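In the structure tokens that follow, a single protein chain appears in two forms: structure 1, then structure 2.
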Structure 1
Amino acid sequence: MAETLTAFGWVVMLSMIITLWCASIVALKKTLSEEDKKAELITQQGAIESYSPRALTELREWIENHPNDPYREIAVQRYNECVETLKEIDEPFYDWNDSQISDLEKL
């Protein structure tokens, strides 16, 4: 057995540190700052939208492609709530721009 770390050993060790410790810290920092941002927006304007532009587009496509799905009603309800909130609030939580919001219509 080798008594010291080989070059590959160093690479593995540093890769583990980056992909585990650094990833954990970055993810924790992100989720805590997002929580603060959500709380601040809810305090200021009473509500935040619940889907990002990409997620809401995907939800709409899914609703349109699954007219008989037993969960369609919930999906439409969530879609409409999100659109309604976006039209009411001043500052969205996700990365929405004004033209994207004005193009949205409830189902």
Structure 2
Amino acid sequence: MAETLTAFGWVVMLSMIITLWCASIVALKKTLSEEDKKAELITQQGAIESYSPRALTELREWIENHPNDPYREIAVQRYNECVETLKEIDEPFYDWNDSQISDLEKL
């Protein structure tokens, strides 16, 4: 026994489809805009930092809390690469300020 959707059901279903498409388009546009900015910074500076301030802080905490982990050396290498890049470039991609960058030290 097949039941048909009511007019209200069709309206809700179509509005959900439109909402999902709009959200997807906004997310795609934002992502592409950020990737364009990254590509532009790489072209201008030759490099960009690989971590945001929060991510780099979390990476440092992980390194300090896992001294015997087999991935520690790789994490330290990535951390140091990001610090070195931040000190070399003129314009960071993420929201770093000058005092945060000057306070960073390699591990």
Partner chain sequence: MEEDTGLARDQWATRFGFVMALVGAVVGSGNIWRMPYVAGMNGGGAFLVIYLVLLYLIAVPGLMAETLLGRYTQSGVIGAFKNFLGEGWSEGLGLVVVIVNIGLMSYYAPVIAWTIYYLAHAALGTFYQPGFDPTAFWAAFSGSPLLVVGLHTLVAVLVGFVLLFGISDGIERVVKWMIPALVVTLSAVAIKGLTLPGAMEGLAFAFNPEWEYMTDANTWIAALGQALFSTGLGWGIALTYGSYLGKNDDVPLGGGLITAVGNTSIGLLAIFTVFPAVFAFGLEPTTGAELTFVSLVSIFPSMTGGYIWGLLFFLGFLFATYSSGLGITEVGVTTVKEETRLTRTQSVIAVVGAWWLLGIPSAYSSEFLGWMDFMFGNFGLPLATLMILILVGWVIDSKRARILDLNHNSDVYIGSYWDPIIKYVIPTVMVFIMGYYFATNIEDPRAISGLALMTGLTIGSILLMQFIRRGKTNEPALTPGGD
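If you superpose the two forms and keep the largest set of C-alpha atoms that fall within 1.5 Å, you have the rigid core. Here, a residue number simply tells you its place in the sequence of structure 1, counted from 1. Since the model is a prediction, treat every value here as computed from it, not as a measurement.
Exercise. Since only one of the two is the form predicted alone, can you say which one?
Worked result: Pick structure 2 here.
For this session: Determine, after fitting the two forms on their core, whether T19 shows a C-alpha shift of 2 Å or more between structure 1 and structure 2.
Result: Yes, T19 moves 2 Å or more.
Problem set entry | Per-residue CA shift, F8 (Å; core superposed between structure 1 and structure 2) | That residue's C-alpha is offset by 8.6 Å.
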